[in-house]
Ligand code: NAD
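Before any questions on how it binds or moves, here is one chain, the form predicted alone, in structure tokens.
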């Protein structure tokens, strides 16, 4: 049984209740986590506040950097262990789980080096005045982390908050808690003071809600659905608490006739099947120049048919979905497509070794998806790629921007002028030209526009969001 981790100590929930932990590969229970309550959140916030006021606020930026670097090294030592935990908890194939563990290493390494680079400014002003600014931490930050990339999102969110001088209370998704509990334990081992990192598990409507409403939380970072993001904004607004929101996307891959298709095809496929399509930045729409629509669909279809799906431990192209309800959600989308007469081009294959009790979905390529159909408008959060054709550049932009989301976009063209035009015209927080995702890009600011949220995580920009700016004006005659 896994316990909460508060003030560097394993702590049972006040309720005494638990939540089963299920392996998505076979649908079987293999552990339990705490079903915590508002009382447990209160204890964690109290521990965090004590740490901030008595200890952490006195730790220099350089020393924060040393602690984060030690944690980075510690996570690297335990990368295989953490990957194995993530694999069973989330159903990630071995390669993905290991990549996530190594990404966490890099996040802590990056923010370790950034701690003492967060500078203020001096401002020219009236004669007799000296004016300067400096950046101060919010204090206690709350982090609501989803189940699709627990380690990576912990790294970009909590890593940035700690680097900026905050302490954190973390509520992971009930479907994926185990790796983060272990990371918090490793942080204690390398010297993080009690209360700097606190993990409280439980259901969103109980623990997540309590965290968002707690008056002792000075900033909230949330990654998840637009609906829940709206609730968090409303709750936070009641006490004027700042928030950073990453709320998903319906990201387009825009492929022009002059594109390098040999380079584009593998990236287009990886962008929708990675983590079984359960990725906020998944390239779930492929917009194809009508001049190459049919031949490119044929090549994509051939590639889809070669994809294999199975248990995480087999390390195939695609693992299981996280839970039965997510599997049903994907099935509902595909059922709607069938009713609407949307043609299926190709599907991958679920291997014979996959248990019937696991949550599997074959990658599916659909064509001629109407622009206003829910498959082109809503997040499926599964390995389903919707294809549609465009006539020209203006039409491509129109289709790309025709959703409420704006998180990531990919543009494939050799035309240099078009690359810049598309990058400016597509409404998106990130635009990748002749690539997609840039290998993860710990250094690259990440966040959305429109219903994809606001604020930025990753890169140095994240540190600005985890601080508040103070202006000091000194009159000296």
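Numbering follows the first chain given and starts at 1. Note that the structure is a prediction, hence the values are computed from the model and not measured.
Separately, the form predicted in complex with the ligand exists; it is not shown, and the next lines address it.
Proximity of residue 256 to the ligand in the model of the complex falls outside the 4.5 Å heavy atom cutoff. Using a 4.5 angstroms threshold between heavy atoms, residue 310 stays clear of the ligand in the model of the complex. In the model of the complex, the ligand sits beyond 4.5 Å of every heavy atom of residue 92. None of the heavy atoms of residue 181 is located within 4.5 Å of the ligand in the model of the complex. Using a 4.5 angstroms heavy atom cutoff to the ligand in the model of the complex, all of 144, 228 and 407 count as contacting. Interface residue among 396, 247, 286, 97, judged by heavy atoms within 4.5 Å of the ligand in the model of the complex: 247.
The contact with the ligand in the model of the complex, taken as any heavy atom within 4.5 Å, belongs to 208 out of 195, 358, 155, 208.
Comment: 168-176 is the region of 128-136, 344-352, 368-376, 168-176 lying near the ligand in the model of the complex, near meaning a non-hydrogen atom within 4.5 Å.
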